[in-house]
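So this first bit is one chain, no partners, the form predicted on its own, shown in structure tokens.
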């Protein structure tokens, strides 16, 4: 089995920053690659926020946080970013053309040893594998938002993924503090989102129809099921940008909810828990109260 020491995270947005920080926190060398130096300040903002959250909610020590930052470097040149990569984790926007172009270039410049993984929640490995030039070393490694709390890693291969690459990624997921969830067959949404999205969609439909308000819907779910969070709290945790990107390509009711999110939240910079406000407000000095 191959040994993972050096990891390149492709994309330094919300999820990419979280993935990179968790990997660095567990002692691995991480390079964050993004297409533009203009993204650098955003990446730093994400990482600074994660520092606060890990100290507050993950019982991290200052020394561990400092070590994590020391394990992270940055690059805006793909060849340089993957020069020593044992593993890449792609977390760029859910646009097929963007991903295809990235993997075509990645397959050209990455070392032969490098295993490619995607964090995509909507595209299957079989949709992208041929663009990599090495479909046998390509698979999905999917993390949930707030992965320091929701510490699962859903791992899904294609029919061409080789056993060694798959086993290496499973072992790596465990090494970074995740619980590997093996998805035996390609499935959009993997396991978690396949269960979660219909439930959350039912909540949004109740709200948009005027059946009840956000707080009452969440309270009903928490009391009746014993769950620590309700569906709209879960929307905030997942991130309203992510929810919008999924819903805007869905059925009519989903697209209506996407438009509602865009007008009432995204345009106002309310992106959910990590931005401090979504359906609920999250003061910086507090965590998610019901965790």
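Positions refer to the first chain, counted from 1. Think of the rigid core as the biggest set of C-alphas that the two forms share within 1.5 Å after superposition. Computed from a predicted model, the values in this text were never measured in an experiment.
One more form of this protein, predicted in complex with a small molecule, exists but is not displayed; see below.
Non-hydrogen atoms within 4.5 angstroms of the small molecule in the model of the complex: do 12, 15 and 93 all have one?
-> Looking in the model of the complex, the three residues 12, 15 and 93 all sit within 4.5 Å of the small molecule (heavy atoms).
4.5 Å heavy atom contact, residue 30 to the small molecule in the model of the complex = Judged by the heavy-atom cut-off of 4.5 Å, residue 30 is well away from the small molecule in the model of the complex.
Is there a heavy atom of residue 99 no more than 4.5 Å from a heavy atom of the small molecule in the model of the complex?
-> Yes, residue 99 sits close enough to the small molecule in the model of the complex that at least one of its heavy atoms falls within 4.5 Å.
Answer with yes or no whether residue 165 is in contact with the small molecule in the model of the complex, where contact means some heavy atom within 4.5 Å.
-> Heavy-atom contact with the small molecule at 4.5 Å: absent for residue 165.
Would residue 212 sit within 4.5 Å of the small molecule in the model of the complex, counting heavy atoms only?
-> Taking the distances in the model of the complex, the answer for residue 212 is no, it never comes within 4.5 Å of the small molecule.
Given that the partner is absent here, state which listed stretch (166-174, 131-139, 202-210, 85-93) has heavy atoms within 4.5 Å of the small molecule in the model of the complex.
-> Checking each option against the 4.5 Å cut-off leaves 85-93.
Go through 256, 229, 58, 35 and name the one with a heavy atom inside 4.5 Å of the small molecule in the model of the complex.
-> When the small molecule is considered in the model of the complex, the option within 4.5 Å is 35.
Find the only residue in 261, 53, 238, 65 having a heavy atom within 4.5 Å of the small molecule in the model of the complex.
-> Of the candidates 261, 53, 238, 65, 238 is the one lying within 4.5 Å of the small molecule in the model of the complex.
Would you tell me if residue 215 moves between the shown form and the other one by 2 Å or more at its C-alpha, with the rigid core held superposed?
-> No, because once the rigid core is superposed, the C-alpha of residue 215 moves less than 2 Å between the shown form and the other one.
Would the C-alpha of residue 96 be classed as shifted by 2 Å or more between the shown form and the other one after rigid-core alignment?
-> Residue 96 C-alpha, core-superposed: shift of 2 Å or more.
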